[in-house]
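We begin with a single chain expressed as C-alpha coordinates, specifically the form predicted on its own.
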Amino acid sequence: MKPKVAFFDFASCEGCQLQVLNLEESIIELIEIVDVVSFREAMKEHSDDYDIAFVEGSIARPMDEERLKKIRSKAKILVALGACACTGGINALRNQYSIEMVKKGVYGDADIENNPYFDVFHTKAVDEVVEVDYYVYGCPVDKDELTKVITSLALGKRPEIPNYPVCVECKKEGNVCVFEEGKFCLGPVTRAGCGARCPSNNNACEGCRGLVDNPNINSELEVLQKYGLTLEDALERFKMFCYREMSK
(Lines give C-alpha, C1' and ligand atoms only; values in the text may rest on other atoms or scores of the structure.)
Protein backbone atom coordinates (compact mmCIF):
# COMPACT_ATOMS: atom_id res chain seq x y z
CA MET A 1 0.00 0.00 0.00
CA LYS A 2 1.30 3.46 -0.89
CA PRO A 3 2.11 5.75 2.05
CA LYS A 4 -0.30 8.66 2.48
CA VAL A 5 1.38 12.07 2.30
CA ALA A 6 0.10 15.46 3.48
CA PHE A 7 1.56 18.95 3.13
CA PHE A 8 0.97 21.70 5.69
CA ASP A 9 1.98 25.35 5.86
CA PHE A 10 2.58 27.82 8.66
CA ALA A 11 4.34 31.23 8.55
CA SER A 12 6.03 31.19 5.15
CA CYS A 13 5.79 32.32 1.55
CA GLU A 14 4.77 28.76 0.53
CA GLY A 15 7.60 28.72 -2.00
CA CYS A 16 8.78 25.31 -0.83
CA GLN A 17 5.38 23.77 -1.52
CA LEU A 18 5.45 25.49 -4.90
CA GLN A 19 8.64 23.55 -5.61
CA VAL A 20 6.56 20.38 -5.36
CA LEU A 21 4.34 21.65 -8.16
CA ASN A 22 7.45 22.71 -10.06
CA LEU A 23 8.46 19.06 -10.26
CA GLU A 24 6.21 18.93 -13.35
CA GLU A 25 6.61 15.53 -15.07
CA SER A 26 8.32 14.04 -12.02
CA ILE A 27 5.05 14.42 -10.08
CA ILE A 28 3.55 11.65 -12.22
CA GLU A 29 6.31 9.30 -11.09
CA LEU A 30 5.92 10.30 -7.44
CA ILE A 31 2.16 9.77 -7.28
CA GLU A 32 2.79 6.21 -8.42
CA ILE A 33 4.58 5.54 -5.12
CA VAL A 34 2.76 7.90 -2.70
CA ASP A 35 -0.84 8.95 -2.19
CA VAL A 36 -1.15 12.72 -1.61
CA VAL A 37 -4.21 13.16 0.61
CA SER A 38 -3.87 16.80 1.66
CA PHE A 39 -2.14 19.69 -0.11
CA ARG A 40 -3.97 23.01 0.18
CA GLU A 41 -1.88 24.70 -2.50
CA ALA A 42 -2.71 22.07 -5.11
CA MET A 43 -6.00 20.35 -4.25
CA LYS A 44 -9.30 20.99 -2.49
CA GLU A 45 -9.57 17.52 -0.94
CA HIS A 46 -8.30 17.05 2.62
CA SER A 47 -7.80 14.06 4.87
CA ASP A 48 -6.51 13.71 8.43
CA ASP A 49 -5.44 10.17 7.66
CA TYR A 50 -1.80 10.34 6.58
CA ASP A 51 1.52 8.63 7.23
CA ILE A 52 4.02 11.33 6.27
CA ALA A 53 3.57 15.04 6.98
CA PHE A 54 5.66 17.69 5.23
CA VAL A 55 5.53 20.93 7.21
CA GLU A 56 6.57 24.25 5.68
CA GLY A 57 6.92 27.47 7.66
CA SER A 58 7.88 28.67 11.12
CA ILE A 59 5.66 28.71 14.21
CA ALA A 60 4.58 32.15 15.41
CA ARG A 61 1.40 31.75 17.51
CA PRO A 62 -0.02 29.52 20.26
CA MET A 63 -2.72 28.41 17.83
CA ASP A 64 0.03 27.32 15.42
CA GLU A 65 1.68 25.26 18.14
CA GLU A 66 -1.54 23.41 18.87
CA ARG A 67 -2.18 22.73 15.20
CA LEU A 68 1.38 21.46 14.71
CA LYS A 69 1.08 19.14 17.70
CA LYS A 70 -2.09 17.64 16.21
CA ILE A 71 -0.31 17.11 12.89
CA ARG A 72 2.59 15.42 14.70
CA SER A 73 0.20 13.15 16.62
CA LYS A 74 -1.27 11.81 13.37
CA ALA A 75 1.98 11.47 11.39
CA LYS A 76 4.28 8.47 11.55
CA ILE A 77 6.97 10.63 9.97
CA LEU A 78 7.23 14.42 10.08
CA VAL A 79 9.53 16.30 7.69
CA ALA A 80 10.51 19.96 8.14
CA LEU A 81 10.33 21.49 4.67
CA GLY A 82 12.53 24.50 3.92
CA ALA A 83 14.50 27.07 5.90
CA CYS A 84 11.55 28.53 7.82
CA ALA A 85 10.58 25.12 9.16
CA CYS A 86 14.14 23.87 9.70
CA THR A 87 15.76 26.89 11.37
CA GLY A 88 13.07 29.57 11.68
CA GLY A 89 14.40 31.12 8.47
CA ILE A 90 13.97 34.76 7.60
CA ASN A 91 10.93 34.94 9.90
CA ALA A 92 13.22 34.51 12.91
CA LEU A 93 14.90 37.85 12.19
CA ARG A 94 12.10 39.53 14.11
CA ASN A 95 13.18 37.69 17.25
CA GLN A 96 15.78 40.40 17.86
CA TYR A 97 12.90 42.78 18.66
CA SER A 98 10.17 42.67 21.28
CA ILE A 99 6.76 41.37 20.25
CA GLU A 100 5.25 44.77 21.04
CA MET A 101 7.74 46.49 18.74
CA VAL A 102 7.03 44.03 15.92
CA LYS A 103 3.26 44.48 16.20
CA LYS A 104 3.61 48.26 16.28
CA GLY A 105 5.93 48.30 13.29
CA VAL A 106 3.64 46.13 11.16
CA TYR A 107 0.13 47.12 12.25
CA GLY A 108 0.61 50.60 13.66
CA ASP A 109 -2.37 51.71 15.74
CA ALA A 110 -4.77 49.03 14.49
CA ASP A 111 -6.81 47.33 17.21
CA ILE A 112 -5.43 43.79 17.18
CA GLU A 113 -5.11 43.02 20.89
CA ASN A 114 -8.29 40.95 21.19
CA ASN A 115 -7.81 39.02 17.96
CA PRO A 116 -6.29 35.51 18.44
CA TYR A 117 -4.74 35.66 14.97
CA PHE A 118 -2.39 38.37 16.26
CA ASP A 119 -1.50 36.58 19.49
CA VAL A 120 2.12 35.97 18.50
CA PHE A 121 5.39 35.05 20.16
CA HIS A 122 8.99 34.89 18.96
CA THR A 123 9.33 32.73 15.86
CA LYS A 124 10.14 29.05 16.39
CA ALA A 125 11.45 26.39 14.07
CA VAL A 126 9.28 23.27 13.86
CA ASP A 127 11.63 21.21 16.04
CA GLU A 128 11.25 23.71 18.86
CA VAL A 129 7.64 22.55 19.20
CA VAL A 130 7.55 18.90 18.11
CA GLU A 131 9.96 16.13 17.20
CA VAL A 132 11.15 16.26 13.57
CA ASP A 133 12.24 13.06 11.83
CA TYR A 134 13.87 14.53 8.74
CA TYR A 135 14.82 17.93 7.33
CA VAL A 136 14.79 19.25 3.76
CA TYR A 137 16.83 22.44 3.84
CA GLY A 138 16.92 25.50 1.60
CA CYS A 139 15.01 28.62 0.58
CA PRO A 140 13.34 27.26 -1.38
CA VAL A 141 14.07 23.54 -1.16
CA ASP A 142 15.90 21.93 -4.06
CA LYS A 143 13.50 20.04 -6.34
CA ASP A 144 15.87 17.15 -7.03
CA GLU A 145 16.66 16.69 -3.35
CA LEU A 146 12.96 16.81 -2.48
CA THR A 147 12.24 14.10 -5.06
CA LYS A 148 14.93 11.89 -3.55
CA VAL A 149 13.59 12.42 -0.03
CA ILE A 150 10.00 11.56 -0.99
CA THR A 151 11.19 8.50 -2.92
CA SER A 152 13.35 7.28 -0.05
CA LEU A 153 10.53 7.65 2.49
CA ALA A 154 8.07 5.89 0.18
CA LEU A 155 10.49 2.97 -0.07
CA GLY A 156 11.03 2.89 3.67
CA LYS A 157 14.62 4.14 3.43
CA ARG A 158 16.40 6.90 5.33
CA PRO A 159 16.87 9.97 3.10
CA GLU A 160 20.49 10.93 2.45
CA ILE A 161 20.90 14.60 3.36
CA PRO A 162 24.40 16.06 2.79
CA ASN A 163 26.37 17.09 5.86
CA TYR A 164 29.35 18.67 4.14
CA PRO A 165 29.86 22.27 2.98
CA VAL A 166 28.72 23.87 -0.26
CA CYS A 167 32.40 24.32 -1.18
CA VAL A 168 32.55 20.60 -1.97
CA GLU A 169 29.82 20.98 -4.58
CA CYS A 170 31.46 24.13 -5.92
CA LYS A 171 34.65 22.19 -6.60
CA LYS A 172 32.66 19.42 -8.30
CA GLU A 173 31.12 22.06 -10.57
CA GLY A 174 34.54 23.56 -11.33
CA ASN A 175 33.50 27.00 -10.10
CA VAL A 176 35.92 29.85 -9.50
CA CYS A 177 35.64 30.76 -5.79
CA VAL A 178 33.41 33.82 -5.50
CA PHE A 179 35.73 35.15 -2.79
CA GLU A 180 38.20 35.68 -5.63
CA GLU A 181 35.62 37.94 -7.24
CA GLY A 182 35.30 40.12 -4.16
CA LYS A 183 32.08 38.55 -2.87
CA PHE A 184 31.32 37.26 0.63
CA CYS A 185 30.32 33.60 0.51
CA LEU A 186 29.00 31.45 3.36
CA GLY A 187 29.66 28.24 1.44
CA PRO A 188 32.58 27.04 3.60
CA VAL A 189 30.27 26.27 6.55
CA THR A 190 26.84 25.96 4.88
CA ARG A 191 25.23 22.56 4.36
CA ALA A 192 25.44 21.33 0.77
CA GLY A 193 22.67 19.67 -1.22
CA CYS A 194 21.70 22.48 -3.58
CA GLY A 195 24.35 21.72 -6.18
CA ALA A 196 26.07 25.02 -5.31
CA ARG A 197 23.31 26.77 -7.23
CA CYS A 198 24.13 30.34 -6.18
CA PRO A 199 27.92 30.20 -6.71
CA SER A 200 27.34 28.34 -9.98
CA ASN A 201 25.35 31.38 -11.13
CA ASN A 202 28.01 33.85 -10.00
CA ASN A 203 26.28 34.67 -6.71
CA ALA A 204 27.61 34.14 -3.21
CA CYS A 205 26.05 31.50 -0.94
CA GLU A 206 23.70 33.17 1.58
CA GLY A 207 23.55 30.19 3.94
CA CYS A 208 19.88 29.31 3.41
CA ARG A 209 20.54 25.62 4.11
CA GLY A 210 22.02 26.36 7.54
CA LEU A 211 25.27 25.27 9.11
CA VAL A 212 26.74 21.81 8.66
CA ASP A 213 26.61 19.84 11.91
CA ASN A 214 30.29 20.32 12.69
CA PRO A 215 31.47 23.40 10.80
CA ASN A 216 35.23 23.75 10.38
CA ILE A 217 35.54 27.11 12.10
CA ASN A 218 39.35 27.18 11.84
CA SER A 219 39.20 26.67 8.09
CA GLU A 220 36.53 29.36 7.81
CA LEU A 221 38.71 31.77 9.77
CA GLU A 222 41.63 31.10 7.44
CA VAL A 223 39.48 31.86 4.40
CA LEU A 224 38.11 35.05 5.96
CA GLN A 225 41.54 36.26 7.03
CA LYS A 226 42.91 35.60 3.55
CA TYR A 227 40.36 38.04 2.14
CA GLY A 228 40.56 40.59 4.96
CA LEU A 229 37.26 39.59 6.58
CA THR A 230 36.26 38.59 10.10
CA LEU A 231 34.20 35.90 11.78
CA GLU A 232 31.85 38.60 13.02
CA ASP A 233 31.16 39.52 9.38
CA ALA A 234 30.17 35.92 8.65
CA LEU A 235 28.01 35.57 11.76
CA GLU A 236 26.15 38.76 10.90
CA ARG A 237 25.38 37.48 7.39
CA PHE A 238 24.23 34.11 8.73
CA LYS A 239 21.50 35.85 10.71
CA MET A 240 19.35 36.19 7.59
CA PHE A 241 18.49 32.48 7.54
CA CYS A 242 19.94 31.20 10.82
CA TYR A 243 19.19 33.86 13.42
CA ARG A 244 18.34 31.17 15.98
CA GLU A 245 21.78 29.55 15.68
CA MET A 246 23.63 32.87 15.59
CA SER A 247 21.84 34.22 18.66
CA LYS A 248 22.72 31.26 20.88
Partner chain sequence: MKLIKKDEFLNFVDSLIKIDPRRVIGVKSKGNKFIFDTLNSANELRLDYDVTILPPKKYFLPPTETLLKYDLTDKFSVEAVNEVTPLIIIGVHPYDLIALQQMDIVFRDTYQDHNYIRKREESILIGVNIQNVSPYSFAGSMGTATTEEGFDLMLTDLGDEYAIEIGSEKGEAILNKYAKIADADGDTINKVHDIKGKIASKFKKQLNFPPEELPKLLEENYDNELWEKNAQKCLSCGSCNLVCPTCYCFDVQDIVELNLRRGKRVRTWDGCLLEDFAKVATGENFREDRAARYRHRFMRKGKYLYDRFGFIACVGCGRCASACLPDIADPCKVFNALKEG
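Numbering follows the first chain given and starts at 1. These figures come from a predicted structure and were not determined experimentally.
The same protein also has a form predicted together with the partner chain, omitted here; what follows describes it.
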Verify the flagged residues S38, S98 and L235 against the partner chain in the predicted bound form: is each one within 4.5 Å by a non-hydrogen atom? no
Taking any heavy atom pair closer than or equal to 4.5 Å as contact, tell me whether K76 reaches the partner chain in the predicted bound form. no
Distance check, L211 to the partner chain in the predicted bound form, heavy atom within 4.5 Å: no
Though only this chain appears here, would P188 touch the partner chain in the predicted bound form if you measure heavy atom gaps against 4.5 Å? yes
Interface membership of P62, the partner chain in the predicted bound form, 4.5 Å heavy atom rule: no
Of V129, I71, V132, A154, which residue is found within 4.5 angstroms of the partner chain in the predicted bound form when only non-hydrogen atoms are counted? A154
In the predicted bound form: members of 201-228 within 4.5 Å of the partner chain, any heavy atom: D213, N214, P215, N216, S219, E220, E222, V223, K226, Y227
Work out whether the Cα atoms of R237 and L221 come closer together or move farther apart in the predicted bound form than they are in this form, the change being 3 angstroms or more. closer
